[in-house]
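Shown here is one chain on its own, the form predicted alone, set out as structure tokens.
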């Protein structure tokens, strides 16, 4: 007799993007990491927190991450009671399912988008329901009124890059009986965001990450913005010391250095537009992107062939086996130099 729950024994785990052991020898464009280092203030804050002898690590960090909540609240224009900090936005996504969807209840999301939603729902024993996209990037066959407990909307969408307009998201919020989670992992690279909808609708939760735009993927920092009653529920089920001392120090420093943050985002957006234009001139189809990546399709629509060609040149991009995506590649936007090298390689391969 198995000691495991049947759904856990049967499920497939999420497979993250490949992290090569000799990472410094690659141009790594497969996991949407920021090509620039974090703000210099981050390093200073970590060293200050660590101190000369590391004695601060003897004691537990702030359980509530209150300084982080206050810093994020000031930045986004909310009361701190509307903010929760997390060990990456994945922790918030997981805890929203745990808080809202019991075993056998429905969790929905758009496909293609972030496939980890399905893994998290399966762990909980929830029923997963996916909805496709039309050619105009609208959700197909979405019910007049959605009765599921949680619906995840990734905007800007990964891997395709487009963003849903706010009036469309607002209509979804009106038609959702449960929580509408607007996953804005890439919103800092986009033209708009859905923060105002949190103020106007009880069921809207916006999640953010510091992994992409703040260059802190290695620190595992995220947050959610929602009504205080939702934040209070999430506080009940999170790990009581979910963010370590160094991560907390790094987060406050990064959020406060908005000049550095905005400069990085500007450079990535500028490189994204240049790279997209050059790819199109090489015969590629490229979705207009609002993220720090593009989804590109070669003239022969053979994503695996181009992936292999880039891989042999130690350029790592993301190829998906999903039939809806296998014809293309998701390519993270690196530095201008990295993208020039990648473009030259793509022209050689093509």
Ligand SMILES: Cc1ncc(COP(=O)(O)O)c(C=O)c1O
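Fair warning: this is a prediction, and the values are worked out from it, not measured in the lab. Numbering follows the first chain given and starts at 1.
There is another form of the same protein, the form predicted together with this ligand; it is not shown, and what comes next is about it.
Participant: Should residue 238 be counted as a contact of this ligand in the predicted complex, where contact means heavy atoms within 4.5 Å?
Facilitator: No.
Participant: Is there a heavy atom of residue 162 no more than 4.5 Å from a heavy atom of this ligand in the predicted complex?
Facilitator: Heavy-atom contact with this ligand at 4.5 Å: absent for residue 162.
Participant: With the cut-off set at 4.5 Å between non-hydrogen atoms, does residue 185 touch this ligand in the predicted complex?
Facilitator: Residue-level check for residue 185: yes, a contact with this ligand.
Participant: Would residue 272 count as a contact of this ligand in the predicted complex, using a 4.5 angstroms cut-off between non-hydrogen atoms?
Facilitator: No - in the predicted complex, heavy atoms of residue 272 and this ligand never come within 4.5 Å of each other.
Participant: Tell me, please, which stretch of 139-147, 167-175, 114-122, 238-246 lies within 4.5 angstroms of this ligand in the predicted complex when heavy atoms are compared?
Facilitator: Heavy-atom contact with the partner occurs in 114-122.
Participant: Since exactly one of 227, 220, 256, 98 fits, which has a heavy atom within 4.5 Å of this ligand in the predicted complex?
Facilitator: It is 220 that has a heavy atom within 4.5 Å of the partner.
Participant: Let me know the one among 94, 276, 105, 211 whose heavy atoms come within 4.5 Å of this ligand in the predicted complex, would you?
Facilitator: In short, 211.
Participant: Can you name the residues of 67-99 that have a non-hydrogen atom within 4.5 angstroms of this ligand in the predicted complex?
Facilitator: Contacts from 67-99: 88, 89, 90, 93.
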